[in-house]
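The form predicted alone is given below as one chain in structure tokens.
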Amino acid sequence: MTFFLFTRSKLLAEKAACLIPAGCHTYSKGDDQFPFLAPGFIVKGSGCYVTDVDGNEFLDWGMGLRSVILGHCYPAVLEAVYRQLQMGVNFTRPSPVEAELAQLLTDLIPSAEMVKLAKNGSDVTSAAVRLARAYTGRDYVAVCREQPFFSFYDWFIGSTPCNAGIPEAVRELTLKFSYNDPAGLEELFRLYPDRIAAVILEPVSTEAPQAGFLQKVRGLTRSNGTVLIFDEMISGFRWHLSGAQEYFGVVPDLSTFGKAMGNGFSAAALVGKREIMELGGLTHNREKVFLLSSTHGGETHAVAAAIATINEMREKKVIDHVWRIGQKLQNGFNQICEESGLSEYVRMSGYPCSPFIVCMDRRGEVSLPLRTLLLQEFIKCGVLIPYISISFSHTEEEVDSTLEALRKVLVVYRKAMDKGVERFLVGPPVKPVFRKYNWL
């Protein structure tokens, strides 16, 4: 086990905390989401390995918040970006690459008849909600309560514990139902007849859809005149090249894509039915929807990155690779947990293309302290695994080294369960991103 020093990371963290709220620009990258003994700042990556400011190298399973599906500094993407950079990145009128990417997406995605590009997921999900409200003339939006994040805009954040600064009137417009509970959604339609503009959910995340669930949601939205929105920021280009909607055979009215679509470059897309999407256009006679209007929405090098990424995924059968490597990792992980007598408390769940680790205490309850300890001990072995985002650069060699590290990690995990996690954990445990106060 290697002993890593994080001297420069800690010094830089102090400086960043004075200059940047939360010390970073994405809460999921904040210090409260990682063990104290963790790399604080990454300076470079190659394939599925990253190097921090202290010169420590780690096997990376997080891959830029699941946005890097091919690998860091992937040559084909960098070459496409470089070619575009030589021609310019932003112009007074649209660039041909915008239409090229739109055509590519409409060819691939079942729900895509028109496309609007943006820079992040929050922009496109919020644009989808605005479209749905304009299309239906209704105000309420229903979201899945188990799914943690749809947007940093008021319509969603107002429904979380982090609702400071958001008017009560806005908070009241977002309703919640449970995933795999069509009866709960049906009850919302009964309580708010002809008032729900949209139902937005991830078609799949940590919980698999029960047989018929997505079809029932599709039926309920259609019969109630409500727009169905699939947030495919994570599931898109991971379950299937054409999205989870293709994998599960359910076509929504609107969908949002991003993350893996650009292999780490800032590219997102709202796609959907023409009759809804065209409300954001210039040729209809209804009230104009100010849909998305971003100076950098069509930034050419990011669009070029998305085109190159999608083409590479299609030509190299990247999705098949992701499923295969994920299955090997998941099977090996759970087998070692079984052999260690800890499968009751530690396991890898979910789909092989997007698995996740569950850490529980002896009461059978999810434990953030034990999860933090597991992350801490993996880091000591040179493995950065805050979540699992399998890329084309991960091979069986990386799986084997991760499983070898797991054997060492579980030795400490068992001791922590027997003697108390506080004896082995350095620093505080990780905290939920969505909490009312920082100290909770």
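So that there is no doubt, residue numbering starts at 1 and follows the sequence shown. This one's a predicted model, so the numbers in the text were calculated from it and none came from an experiment.
Here the subject shifts to the form predicted in complex with a small molecule, a form of this protein not shown in this document.
Note on contacts: among Y345, F149, W239, F213, the single residue with a heavy atom within 4.5 Å of the small molecule in the predicted bound form is F149.
Proximity to the small molecule in the predicted bound form, taken as a non-hydrogen atom within 4.5 angstroms, holds for one residue of N120, Q103, N311, T206, which is N120.
In the predicted bound form, at least one heavy atom of K259 sits within 4.5 Å of a heavy atom of the small molecule.
For D253, no non-hydrogen atom is located within 4.5 Å of the small molecule in the predicted bound form, even though that partner is not displayed. Although the partner is absent here, I234 sits close enough that one of its heavy atoms falls within 4.5 Å of the small molecule in the predicted bound form. Annotated contact segment (heavy atom within 4.5 Å of the small molecule in the predicted bound form): 120-128, selected among 178-186, 331-339, 359-367, 120-128.
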